[in-house]
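There is one chain below, alone, in structure tokens, taken in the form predicted alone.
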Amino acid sequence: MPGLPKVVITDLIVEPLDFERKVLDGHAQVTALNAMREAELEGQIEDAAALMVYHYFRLTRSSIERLKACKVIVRPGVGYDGVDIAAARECGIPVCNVPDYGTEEVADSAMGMALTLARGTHFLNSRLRRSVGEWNVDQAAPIHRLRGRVFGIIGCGRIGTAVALRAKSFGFDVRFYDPYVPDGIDKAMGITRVSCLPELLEKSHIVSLHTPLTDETRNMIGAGELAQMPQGSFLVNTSRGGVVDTGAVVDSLAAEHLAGAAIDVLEKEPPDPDSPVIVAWQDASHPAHDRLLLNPHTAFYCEEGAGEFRTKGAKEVLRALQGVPLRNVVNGVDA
């Protein structure tokens, strides 16, 4: 509709834009670029009143500084490391996320992957695809009873808390490391807080990551940290790819120090064909192959959740267009 502000969805979401238009019809024109690289935005976003940005590339300073009419950049998801929030702040553009939409789905996914690793399900299924003759559990031994084992959580925010509750229901001894949550969370939830990351790693049968990607958390799990985990333990990452050195994970799996790893997120998405994790996952002869469970950044997904994050993202855009207070500003810029 001529004269209405322009709202651009940069990537991932394509027509039909039913959720976005249900919120924004009569207030804005909504278009989806389906871009796979930031360079594809050139000439498409400069006059946009709002951007909705997903995760196929990083929105950098060069793009943000070209925005001449932008009232808000919305990341319709939890993590916002894919947007240069400092550049947006300098340009006076608020950046907002949708922090609550996928809590249950990511927690369910993390717990599901942890269980399928620890119970040997993934390993045995992978082996059977090559040889039905290996019809026994011996190849996956030892598999230990889960009740009483330590389930370690890094980051006890919304999703980490939801995972802790699920792990408790399976009888795990749940412990967490998070220097930023207030005292007493452990007592309220009936779980154990540890004071440092090495203490968590050294005791955990399963480690599940639920932390944002920041300068502090980037590569927080590398070769040294994996070596601190017990022989035969498991790693699950549904947070951000840059939090874990996946090359080191592959090496640890190949050396049979880690018994298994579930990776939902990678440092680069989509990954390069020659990345260590892709090579190990595709090559059945690779010593890490059967111990690696890989998903294409899908832990967040369900039909209901997709509608929720798209609708909540569009509502944040509408608030910006109407000049009313925004709900989830992450870069300190007032609307």
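Don't overthink the numbering: it's just position in the shown sequence, from 1. Bear in mind the structure is a predicted one, so any value in this text is a computation, not a measurement.
Just so it is clear, the following notes concern the form predicted in complex with a small molecule, a form of the same protein that is not shown.
> Report whether the minimum heavy atom distance between residue 168 and the small molecule in the predicted complex is within 4.5 Å.
Looking in the predicted complex, residue contacts with the small molecule do not include residue 168, since no heavy atom lies within 4.5 Å.
> I'd like to check something about residue 84: if you look in the predicted complex, is any of its heavy atoms closer than or equal to 4.5 Å to a heavy atom of the small molecule?
Residue 84: no contact with the small molecule in the predicted complex.
> Answer yes if any heavy atom of residue 299 is within 4.5 Å of a heavy atom of the small molecule in the predicted complex; otherwise answer no.
Yes, residue 299 is a contact residue.
> Taking heavy atoms and a 4.5 Å cut-off, does residue 123 contact the small molecule in the predicted complex?
No - in the predicted complex, heavy atoms of residue 123 and the small molecule never come within 4.5 Å of each other.
> Within 4.5 Å, heavy atoms only, which of 164, 88, 201, 154 is in contact with the small molecule in the predicted complex?
Residue within 4.5 Å of the partner: 154.
> Name the residue from 246, 239, 252, 233 that puts a heavy atom within 4.5 Å of the small molecule in the predicted complex.
Here the answer is residue option 239.
> Where, among 136 to 144, 114 to 122, 225 to 233, 100 to 108, do residues come within 4.5 Å of the small molecule in the predicted complex by heavy atom distance?
The contacting stretch here is 100 to 108.
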